[in-house]
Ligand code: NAP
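Consider the single chain below, provided in structure tokens and representing the form predicted on its own.
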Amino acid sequence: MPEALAATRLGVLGWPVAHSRSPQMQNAALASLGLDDWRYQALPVPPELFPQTVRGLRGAGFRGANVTIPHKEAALALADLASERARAIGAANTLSFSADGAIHADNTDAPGFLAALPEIPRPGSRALVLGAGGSARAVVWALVAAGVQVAVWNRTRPRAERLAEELGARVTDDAAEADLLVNCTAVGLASSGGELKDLPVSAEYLSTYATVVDLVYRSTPTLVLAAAARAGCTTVDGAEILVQQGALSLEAWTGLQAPIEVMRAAVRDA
């Protein structure tokens, strides 16, 4: 039996984090695997308390934690060890705590994003990524590694320029032509409308993208995805990406194969 079967705690660090479906998803997966003495919880942590909170998790009985907005780059900076993928991306969404107190960082956002797509993008195809935070870095890295030509838009151009230079993309100030559109901004996280006005794409222009992905997940489609569906685009919401990246994190912590269908159902029903 793997060492990870000792009673332990897991969680998701974010600010805010109350909207996260990770606790429902991961607790359903743990129960399905027979890990009845494991618990996964939401950990709301403001940025100024993030370093000290993470350093104290192992002592509080935590084996690992996921990391979401706005802590992904800070998570990598805190790590004692990091996967090559996390270092290349410059952000981490998965932390593991060893018995000796070392913090290991990985990024399952990148492979989780690719696994959620209807098909792997063709080399030479084009993508427009909206945003330049930790999630955007994972998406851009994954697409560039797949041979995709990536344009990055961000509300503050200097951050987009830094991301593009480090990861091999280019910066755009408008809705660049592309086969794939990926929204990595927090626009759409709230339940109210008004999302499209904060992005460089209009509802009419969405029809030019074959596939539209929104990393935000809600009980109802975001305005971006709703408009994209009306325009005839193939759409992927953040719930499927959540499932795929969460499965990889769970496997790293437990050494067991993640029950994907159980996790998918838990996210849908949350």
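Remember, it's a predicted structure, so these values are computed and weren't measured experimentally. All residue numbers are counted from 1 along the displayed sequence. Take the two forms, find the largest set of C-alpha atoms that superpose within 1.5 Å, and that set is the rigid core.
The protein also exists as the form predicted together with this ligand; that form is not presented, and the subsequent description refers to it.
**Student:** Would this ligand be touched by all three of V148, E177 and V224 in the model of the complex, meaning a heavy atom each within 4.5 Å?
**Tutor:** Not a single residue of the candidate spot has a heavy atom within 4.5 Å of this ligand in the model of the complex.
**Student:** Given that the partner is absent here, does L35 sit within 4.5 Å of this ligand in the model of the complex, heavy atoms only?
**Tutor:** No, L35 is distant from the partner.
**Student:** Report yes if any heavy atom of L206 sits within 4.5 Å of a heavy atom of this ligand in the model of the complex; otherwise report no.
**Tutor:** Heavy-atom contact with this ligand at 4.5 Å: absent for L206.
**Student:** Taking this ligand as it sits in the model of the complex, is I103 in contact with it (heavy atom to heavy atom, 4.5 Å or less)?
**Tutor:** Because no heavy atom of I103 falls inside 4.5 Å of this ligand in the model of the complex, the answer is no.
**Student:** Any of the heavy atoms of R87 lying within 4.5 Å of this ligand in the model of the complex?
**Tutor:** So R87 does not count as contacting this ligand.
**Student:** Taking the partner as it appears in the model of the complex, which of 95-103, 156-164, 78-86, 118-126 has residues with heavy atoms within 4.5 Å of this ligand?
**Tutor:** In short, 156-164.
**Student:** Between the options L43, A65, L215, V212, which residue brings a heavy atom to within 4.5 Å of this ligand in the model of the complex?
**Tutor:** Spelling it out, the residue with a heavy atom inside the cut-off is L215.
**Student:** State the residue from L181, A169, A142, A132 whose non-hydrogen atoms include one within 4.5 Å of this ligand in the model of the complex.
**Tutor:** Contact residue from the list: A132.
**Student:** What are the residues of 228-262, in order along the chain, with a heavy atom within 4.5 Å of this ligand in the model of the complex?
**Tutor:** Counting only heavy atoms within 4.5 Å of this ligand in the model of the complex, the contacting residues of 228-262 are G238, I241, L242, Q245.
**Student:** After the core is overlaid between this form and the one not shown, has the C-alpha of P221 moved by 2 angstroms or more?
**Tutor:** After core superposition, the displacement of the P221 C-alpha between this form and the one not shown stays below 2 Å, so no.
**Student:** When the two forms are laid on each other by their rigid core, does H71 show a Cα shift of 2 Å or more between this form and the one not shown?
**Tutor:** It does, since the H71 C-alpha is displaced 2 Å or more between this form and the one not shown after the core fit.
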